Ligand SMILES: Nc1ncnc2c1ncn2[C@@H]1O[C@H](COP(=O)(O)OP(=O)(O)OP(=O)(O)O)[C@@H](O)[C@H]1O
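Presented as structure tokens, the chain that follows is alone, the form predicted alone.
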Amino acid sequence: MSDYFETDEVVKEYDSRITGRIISYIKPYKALAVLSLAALGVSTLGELFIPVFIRRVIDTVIFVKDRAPDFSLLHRSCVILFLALLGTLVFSFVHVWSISLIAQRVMRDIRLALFETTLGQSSAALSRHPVGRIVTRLTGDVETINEFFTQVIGSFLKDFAVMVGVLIALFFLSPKLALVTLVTVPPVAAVAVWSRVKARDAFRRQRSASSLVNSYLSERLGGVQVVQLFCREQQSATEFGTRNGELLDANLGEMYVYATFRPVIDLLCNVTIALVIAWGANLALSASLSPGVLIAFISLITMFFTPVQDIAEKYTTLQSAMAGGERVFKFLDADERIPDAGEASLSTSDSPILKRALPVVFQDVRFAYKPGEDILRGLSFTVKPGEMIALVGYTGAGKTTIINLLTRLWDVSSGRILLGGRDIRDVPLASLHRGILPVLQDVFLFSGTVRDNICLGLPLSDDEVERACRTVYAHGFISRLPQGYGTVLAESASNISSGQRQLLSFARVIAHDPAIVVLDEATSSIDTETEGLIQLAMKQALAGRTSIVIAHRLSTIKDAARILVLSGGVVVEEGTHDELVARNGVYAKLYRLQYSEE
């Protein structure tokens, strides 16, 4: 299976397939593309018209023998020249504006597609990669596509149009002198090829060195406290200095290529102009060439070599766009979603998951996050409709894995999980996730208001939101916030306490009214007073619902109808709190150990 998040060190110079896919995103904006091409054509003709028109003015107005100066013609020529310059400016602006607008809209479309693809990927796919790398795909790699439109396509089209137009204009003005100009084309081509090869190698070195620096910085800054506590500042600085030096050398190598290329092209441009002047002067002295043509040739030659420089210097941008585009499309083409087979066969309105008091059945469930490292080994148990059970066990027993499988963040390796007698793989994911909601130990709240974090897009009234918060005793602290339910939470909800964050997560679940509630270490990080409030609230909230509670604090699950003790991925004990304590098995040892610690 290809890894669409990994950084490719070998960058393709050009890939027509990637280019074609990027271009395909222009289809919704054909009108803008036609406008951009038309503006490009007009602006290019305008640029070529100016030196040709100046040639006409010089030959017919300035260098005229046996005729009095015609100042009115000169004035009209100046007006025409000004209008040509103004028109060229306007159409150049239209070309740049339209292609930039296309690029921005294409970036918007690709970002949206990438984001939707990311949200649809399975937890197995997403867990293999750091969040920062995924964000880079959605931001940095998409930005290279923007550069492909604005700097590569836009510039290349303009440059090739100008070069072809210049050559046509040269032959139109003087075929003999145009042939002289072509003498320098082979050296220019050779220099361009050399520059392309050197730029490719330099770009690869620079990209590799930059990746090493970024990785080192991310790791050391993420673990800066460990670096400080173990006095590794000097060692880290030395190691970073080595990587930083490699990046410097790579950047200097890339700069050397362009520092060499531009002067060489300038030299060839000046040599060409010198040849044209020398040859053109002979033709002019023999009356075979007018002064205006010679001046126009010099201007056109300068116009010809400017695109040559631009095309070569955009080569690195092209490489970057190819690499970024390849990663983006690998990402878009990846299909590691949890299968939603029930979507076609079962409508949301018919889904039994929306009914209350559902039974939950695990039948010989096996699961491994990594092949050969089983977490659950033939796990079987049943939760009766409306029953509250608790799952306990040592770390690694598979408690949280059960929740991941029940909500289909992961799929079972073998066996079945049944809801109301139906395999959860036959239930639409949307219905499943509406019907089963967990309260997790690590509460995640989004940047936004308190109300938004409770509703999460659900069209709830203010009364419904407040009722949910009163149920879990969150209304008191919310009403004391500066703007109440309209208070904006900071990043990671750092402006409220951990206990308050947990209360909001309970309120969110109550507001969404699921059929099954899962409490995953829900009170492990809450103070005693807040825990007492939650216990009272959850007795009301869980009434009539099937519920599963995972807890290390065994005092919170004494009232559970049944307690399942997990060990090695299977149920080793089952019963009420009193029955398990009396049995003096694994649960009793856990209880005595925790009681003595408390």
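Remember, predicted model here, so these are calculated numbers, not experimental data. Residue positions are given as counts along the sequence shown, with the first one as 1.
The form predicted together with the named molecule is left out here; the points below concern that form.
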K399: touches the named molecule in the predicted complex, heavy atom cutoff 4.5 angstroms: yes
With a 4.5 Å heavy atom cut-off, would you call I375 a contact of the named molecule in the predicted complex? yes
I'd like to check something about Y369: if you look in the predicted complex, is any of its heavy atoms closer than or equal to 4.5 Å to a heavy atom of the named molecule? yes
In the predicted complex, does Q441 have a heavy atom within 4.5 Å of the named molecule? yes
Name the single residue among W194, F477, F171, Y394 that comes within 4.5 Å of the named molecule in the predicted complex, judging by heavy atoms. Y394
Contact residue in the predicted complex, chosen from W410, Y315, F91, F304 - any heavy atom within 4.5 Å of the named molecule: W410
Partner-proximal stretch of 237-245, 81-89, 480-488, 400-408 relative to the named molecule in the predicted complex, 4.5 angstroms, heavy atom: 400-408
